[in-house]
Every structure is written in C-alpha cells, then in structure tokens.
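Quick setup: one chain, the form predicted on its own, written in structure tokens, and binding and motion questions come after.
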C-alpha cells in the first residue's frame, strides 16, 4: 500500500504544495488546493524523485545509528568549543531551525549578510508580498530571470500582463515576456513610479551593493518591492533568526580561512555550492545533519541521517509569509539536535513559539499573517560595473543549489561573440578564470555582448559575476 504525504517543494521559497507517493519508487502528484501554485510544478518539482537519495548515519566512514552519530557530533563540538560554526540556509522546518539556533547561539550562520544592510530593510527583505499583488500590478520590473530561477512566478507575471501590466526586465539577456529589456549597466534609464512593483532575489551569494541599489530605486520612486528566495524555508529562517547574532557566509569563509573556525555543523545545507573547496578543506571537522545524500555527505566526518523533508512534522513559511504544514510525522531530526544540546526539544513547545513569533493561533496555509512592514530609508549603494572584457554570470537556480545534474549544463552567449571566436555548432567553449580552465557546451541566445550566462556552478567562479577569458 502506497504512503502519500502532503508536502512543500524544497526547490525554492515559493512554497509550492504537492503530494509525495511512496510505493517502491518515489512519485510526485499535483496538489491543486495549494494557494501558492494551484497544482502547477516547475521542472525541478517534477524532478524530486531523483533528489531524495537515501542517506545513512556515519562516523568517520563507519555506519552507525542516528543517536550514536549525534553523540559523537556532540563530543566533537564540545572539544572544539570557541571554534565551531553552525550553518543552516533554511531547508528545514521552523521548529528544527529554532532548536538549531539554540544549539548554535555562539556562531549561527543562515548565509544571509544582514549585517551589510540597514536594519529598517530587514522585514522588507525577509517577507515578500502576496502573489496576488503581483497579478494586480500595473508595472513589473524584473531583476531576475524568472524562467531559470523561479519558474512558478512566470504564471503570475503573465496574468498581470494579460490585464495590461507593462513588464520591464533589467537583465543580461532579453526575456520573452518583457515589453522592455534593459541591461544592468543601463539601470539609470529605468523609469519607476508608485505603480511599479520591483521583483528581485536574495540569497547567500547576493551582492549586497546590488541589493541596496534595488532597495534604493524602489524607495526613491515610491514603488513596491519583493525579494524571492531560494530555499524552502528561507523566509522562516530569516524571521526566526532576526534577533540572533547571525554571521554572513562571507564572514564564515573568512573565519575558516584564518583558522578561527575549525568545526562546521551543517543542518540540511550543502556548503559545497557556496564555500570554495579549498576553504572547506581547512576544516578539522565537518558535521552534516540531513535527510538526503549529497556530495557533501561523502566528505563529512560525521553524518546524522534522519527523515527527508517530506516526512518531517513541522512548519515552513513561504515567500508570501504563509505558514505551511508538512504532512509527515517524523521528528528524528529534532531528536538528534536534542541529543547534541543535552535537552529534549518538545515539538509542541517549539511549534507554539513559531506561531507566536509570526502572530497566528493556528497553521493555515490559506491565510497570510499580517506582518509589520515598516518603511525604510533608501540605503546608499555604490554598485561597480564589471571591469572586464568578458564576464561569466551565474544565474542560480534549484538544480545548482542542490548540486543535481541538469540538462542545462551549458553557457549561453550572444551570436556575435560566438562568431568572433569562430565557434563551431555543437562545439565547446574554453573558459579561463582564477587560474583554472574548463571546457563547456554553449548555446546562442539574446544575451548581452561579452557576457556568458550559466545556470550551473563550474568551480572557477568567485561570486555571481566573474571576469573570464574565452577561446575555442
């Protein structure tokens, strides 16, 4: 008999509802009642069966029980006191994140660099606007590629366009749904008003000067703004950690490199796509707690394996601020955190704390809580143009964040650039940067001159924009 779970897609913070069916194999079924996506799924959501690879608890390569792995992790954390960092990007439940925050009070990293932003912008970045407001907008300005990054938002944008909305794209390539395409370097030509709605994204690798610039543009024009986010519970993690002393990903990398952090504990988060391999290699101990196998679990000294997200009992908060319940009953992840903390974390107590924090009495995905959205002062930004003849631009998407194989493993480029290099159809392109070189397939598209776009991470990048040299 098949087991069916109602859950939330872990691909991004859009909050798409679906059913997982376990019947020997893993299948995905639509959940039409979901207010976020009304039964639709993007190609990542449909790929979930290949995401959930079973994982086992391990200590130094030896398989053990979950409790034994958690106890071993606790000993290593205690032995490394003062040099331990706790990393959670928001791919777990609100309840687990609260428990994790108590465990990692000394050095908690959610990946977001809030320290670089004015405090009066935190709520604006943490909680987005309802998707219904996107459909009702008169002018939408995109600082994202919705097709690549957040596909389910495309339906909302097209609905607004059908009602007469103008769509402006500020991007490195022309977007088919846009009425007006501007390049990032030409953002001064952008005309905003009180009728405009700006859509950008916010993630651990975001350039904070660009984030501040977008905030300023919206504030100065009186326009609304919403930030989409990449992890299933990004909004929940930000809201629940707002009073914690968070460290940014940049700070974490710096502290590992200088030897201040020797032990890293990752909760449902793969730092391999965020932190350079040479930096991770400097750690004395890597502890990973997760519900699925990945490249990082193979490198970890301790793996604490529990149920996958769809089997967990708990709450996620999507980009609109909707509190959504998962359909599982598993609390093994919470139990493991309790073993390490030396206390028993009661799910009911943590769940009540989540509801109190967001001001609700019950978890109801069909009601968006009333969040306090204070006005903010336009932050000062000093965005620098790319000082390079050619730049590789990473367009981060769910496949990249999860390290999954993807058919889109190519770079997209302008036809003129391809002709100048005399590239051959179905051939490859050589890309050099930071002392390394790779050879990749390419695709021709309406891309800005001397820009390469990629939805994959190649390992030669040092951020979202990387100066490169290219050849046949």
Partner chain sequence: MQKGDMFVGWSTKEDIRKRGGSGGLVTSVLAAALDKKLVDAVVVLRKINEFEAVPVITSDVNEVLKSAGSLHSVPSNFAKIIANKNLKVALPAKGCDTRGIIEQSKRNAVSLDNTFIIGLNCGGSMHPSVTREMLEIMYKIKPEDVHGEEIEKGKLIFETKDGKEHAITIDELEEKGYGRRESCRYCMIKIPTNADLACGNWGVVGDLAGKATFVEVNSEKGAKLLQNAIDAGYVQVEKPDEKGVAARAKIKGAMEGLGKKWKDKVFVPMDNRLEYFRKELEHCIDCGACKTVCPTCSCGDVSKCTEYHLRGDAYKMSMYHLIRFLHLADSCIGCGQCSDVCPVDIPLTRLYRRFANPMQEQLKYEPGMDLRKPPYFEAKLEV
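Numbering follows the first chain given and starts at 1. It should be emphasised that the depicted structure is a prediction, and the values quoted were computed from it without experimental measurement.
Below, we turn to the form predicted in complex with the partner chain, even though it does not appear here.
At a distance threshold of 4.5 angstroms between non-hydrogen atoms, residue 342 is out of contact with the partner chain in the predicted bound form. Using a 4.5 angstroms limit between non-hydrogen atoms, residue 68 is distant from the partner chain in the predicted bound form. The closest heavy atom approach of residue 59 to the partner chain in the predicted bound form falls outside 4.5 Å. For the chain shown alone, residue 63 is not a contact residue for the partner chain in the predicted bound form, no non-hydrogen atom being within 4.5 angstroms.
Out of the listed residues 183, 262, 155, 138, 155 is the one that sits within 4.5 Å of the partner chain in the predicted bound form by at least one heavy atom.
Only one of 201, 273, 148, 320 lies close to the partner chain in the predicted bound form, with a heavy atom inside 4.5 Å, and it is 148. Partner proximity in the predicted bound form, defined as non-hydrogen atoms within 4.5 angstroms of the partner chain, places exactly one of 328-336, 288-296, 81-89, 173-181 at the interface: 173-181. Residues from 403-417 that approach the partner chain in the predicted bound form with a non-hydrogen atom closer than or equal to 4.5 Å are 406, 407, 410, in the order they occur in the chain.
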